[in-house]
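Read the single chain below, which is given as structure tokens and is the form predicted alone.
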Amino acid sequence: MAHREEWKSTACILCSTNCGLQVQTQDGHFTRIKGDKTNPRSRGYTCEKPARLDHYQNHADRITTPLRRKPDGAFEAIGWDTAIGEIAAKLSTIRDTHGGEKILYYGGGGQGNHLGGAYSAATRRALGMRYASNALAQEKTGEFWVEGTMFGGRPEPDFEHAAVAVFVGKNPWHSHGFERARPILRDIARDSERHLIVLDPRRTETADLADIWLQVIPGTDAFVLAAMLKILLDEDRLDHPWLATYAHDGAELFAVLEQVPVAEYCARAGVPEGDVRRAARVIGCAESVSVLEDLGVEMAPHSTLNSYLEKLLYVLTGNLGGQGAMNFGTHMGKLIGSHRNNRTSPVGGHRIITGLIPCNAIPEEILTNHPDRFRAIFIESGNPVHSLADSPRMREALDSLECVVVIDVAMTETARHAHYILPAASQYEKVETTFFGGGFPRHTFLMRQPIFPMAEGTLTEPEIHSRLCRALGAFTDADLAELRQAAEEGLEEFGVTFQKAMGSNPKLAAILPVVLYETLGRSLGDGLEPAALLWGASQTLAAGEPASVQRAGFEGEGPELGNAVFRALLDHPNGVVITSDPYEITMERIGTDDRKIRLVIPELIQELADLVDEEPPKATDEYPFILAAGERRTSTANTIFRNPGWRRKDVDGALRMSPGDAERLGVEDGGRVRITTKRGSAETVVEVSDTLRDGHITLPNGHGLEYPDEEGNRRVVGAPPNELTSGEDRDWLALTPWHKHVRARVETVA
């Protein structure tokens, strides 16, 4: 009988949903991958993309030794001790000369790689680093700011039970964003008593399922959302008793909405007024509504205003708190920083939201003679040269710095501009997790355990940060001796000793993650050391939400309850429900000072009022097309898939355009064109698609990476979108780039 490989539980790392997977492996490769039916969140669901995960685990750009840049720009291999020692010396010199705040931290976790970012807090404190950024700061910070201002928290949708599902600039068929997206979308579409509403300029796979699709002209979402709110107000479909109980007075908001000319706004957005009115009425009359926005409106004109108006759709109709509506769940760890600060970036004075400097501000915070400019950057699990707006400007910024350190698994576009590259274990060679929301009313958390041995020459990020902290003099073995002894005696004894040590020794408290790693982590067993930080997160969760944890089936109180959660994470590599809540708890979790929703956001009320006199953003004679730079497709994922061989469709990343535009340009399917914007140009093939309006073109995300072909020659496959985008075109408040609204010119080429 043939030997049957053991199935192991893990999770997908290609989007924020992190569906549970069952995998078989052999000789360092994935051999079989399927959805994990025992995962309490995804319940066996997965899309088609994780089937190709071996292209992440095994690829030609893997780095397996520390690298140092030589004066001629080439890299040389060095040992770990040399790399750690030199990096610690260079960064501490910058700290001592200019201040630790002159070192910027960028990254801290991809779609499934968050523990490294959590452990980085120790290195950052040891160096006195104050400023950070990551990809969220070019996508979601405007929305985070709105949610923090209105609610003091981040609501989650309950599409599984929603009578009405609304998607604004989002195509969950491909981008997901909630568990079991495709089955849930199909269930809604098949049920004549439920409704699916989509606002999107392209007829997406989700729009194909919708009973109301509002095909807005690119960049005009704010006009449609404002019109829908005016219709709700005119037809008195607001939940007045609910608002009187849970919200502040909205008179100033309502006065502005009264001035909205519905018919005119619909005309500006290019959508039939009757469809907009129907959508508003469906929302206003529904028993429950869940709403989700995404990059289609967050990376477009009126970005932060769009987030505000979208949230007013469910707030004014009382769809916060309840089955099928929006709710506040619990959180394991802290993915998003506080919005309650008045901090600004050191050079440009730009608003810092949830602890993140806007990505678009990074080059201007470097390329200046200002005394407070950044002089070094520490980049972890991020590729800003490829993923942020205006790649040429980002390359220039990195090349001007005194020290660039990159931690990554691959030789990325960003790593090529580093002074030091530290090779990390892959996401399937170490303990990892994510701190994305886990669902409501049940919060599922999954701590992935290693599937493969670590590649020789690599280290986990927690180990890297521990070595850096030691080299920086942040701790010695003598400092940790008592805690190490307590860890060997069990979680209970360790917890008591740890609390005493943190209270009495500020030096250790400052590097808490590394202290946990070096003490409790070492006692967990080989390969499980990074899980130590989750003990601290479990204790924090149990202390803050004890009733929720107990409703999930855990027993005990205080530290005993936290220990029970931590042991469950270790024992359930397929995920475990760690909290369970009744729907009514949502209103108790409103996090504003007085526990009431703020309907009026002064910074955005004026922008809303000014729409009346604003012409919709349009193309120009020089640039007659509006390009969406970064569209989700079945053939795209995040760029940890460097090998283009994983794609079975759309290998070259075609530019989609309407049949009318293709005919006018004289180009057919598969023909080549040059796209030109004010920032740059790129060549690609064309896909003629009737899903688009005339004048609207789209490029996929995930393309434009340099990778060796079969002969070993490095070449770029597909157009890199951010060679075309500009950091100047951005939201005024959050500085979110307008990747989905780039003026462009298209010309045929031979």
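Predicted model only: the values in this text are computed from it and were never measured. For every residue, the number given is its place in the sequence shown, counted from 1.
Just so you know, the form predicted together with a small molecule exists too; it's not on screen, but the next bit is about it.
Participant: Asp221: heavy atom within 4.5 Å of the small molecule in the model of the complex?
Facilitator: Output for Asp221 is yes: heavy atoms within 4.5 Å of the small molecule.
Participant: Against the small molecule in the model of the complex, would Ala410 count as a contact residue? Criterion: heavy atoms within 4.5 Å.
Facilitator: It does: once the small molecule is placed as it appears in the model of the complex, Ala410 has a heavy atom within 4.5 Å of it.
Participant: Is Asn701 one of the residues lying within 4.5 Å of the small molecule in the model of the complex, judged by heavy atom distances?
Facilitator: Residue-level check for Asn701: yes, a contact with the small molecule.
Participant: Report whether the minimum heavy atom distance between Pro721 and the small molecule in the model of the complex is within 4.5 Å.
Facilitator: Pro721 belongs to the contact set for the small molecule.
Participant: Quick one: Thr204, Ser387 and Lys740 and the small molecule in the model of the complex, is every residue within 4.5 Å by at least one heavy atom?
Facilitator: Affirmative, all three are within 4.5 Å.
Participant: Taking the partner as it appears in the model of the complex, which of 213-221, 189-197, 81-89, 397-405 has residues with heavy atoms within 4.5 Å of the small molecule?
Facilitator: This holds for exactly one stretch, 213-221.
Participant: Work out which of Ile377, Ala300, Val146, Ala532 lies within 4.5 Å of the small molecule in the model of the complex, going by heavy atoms.
Facilitator: Comparing distances to the small molecule in the model of the complex, the residue within 4.5 Å is Ala300.
Participant: Among Thr639, Thr497, Thr676, Gln449, which has at least one heavy atom within 4.5 Å of the small molecule in the model of the complex?
Facilitator: Partner contact (heavy atom, 4.5 Å) among the options: Thr639.
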